[in-house]
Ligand code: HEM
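A lone chain, given as structure tokens: the form predicted on its own.
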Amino acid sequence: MPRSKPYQPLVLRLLHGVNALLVIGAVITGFLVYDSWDGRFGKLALTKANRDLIDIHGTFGFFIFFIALPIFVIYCFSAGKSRLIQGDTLAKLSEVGKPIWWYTLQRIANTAMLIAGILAVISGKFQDENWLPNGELNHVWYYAHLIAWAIVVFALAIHLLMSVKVGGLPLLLSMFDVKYRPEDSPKLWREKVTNFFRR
């Protein structure tokens, strides 16, 4: 694979892809739940109040909380830590308009997206699935989850915009590339995981 093309590690592409699908599914079903059971802050009335929507949204949350997000967080704070906020982030923000400034904004957006996802799943776990059907709309954790949903949507938009600004279409397409370099071969994953836990 040519080194001039943007390249993302295979593990990152897989974890990012799974998390992206689950988060987008959770965002959409989360809005539909709010739209059908609440709607105090504006609604589109796309669906009627349906308990199945709550269950579907909860299923997305379950897979994010117990499987996808924990593995992704471990990856982000180990092999992917260069894509998150760095110790010199504040200093780099003073270099407005330079390439490093845009890369720094992208790292902030990446970190915000990760934190927003964590806040969303934690606030979701503290909710009771019977609150909305019972008309109980004023619980603190429900408000926290609504706010977390809004932050996820905002962070996702900024994450995409910064990725386009920094790497353009080639960077976005690199997340969907099925080719990988020899050092990223799945045959080496067991050894890498073993070495990671031996540190």
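This one's a predicted model, so the numbers in the text were calculated from it and none came from an experiment. From 1 onward, residues are counted along the sequence shown.
The following text describes the form predicted in complex with ligand HEM, which does not appear among the structures shown.
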Exercise: F62 in contact with ligand HEM in the predicted complex, heavy atom 4.5 Å: yes
K98, heavy atom within 4.5 angstroms of ligand HEM in the predicted complex: no
Would L105 count as touching ligand HEM in the predicted complex under a 4.5 Å heavy atom rule? no
Would L172 count as touching ligand HEM in the predicted complex under a 4.5 Å heavy atom rule? yes
Those residues of 158 to 186 which, in the predicted complex, come within 4.5 Å of ligand HEM by heavy atom: H159, L160, S163, L171, L172, M175, F176
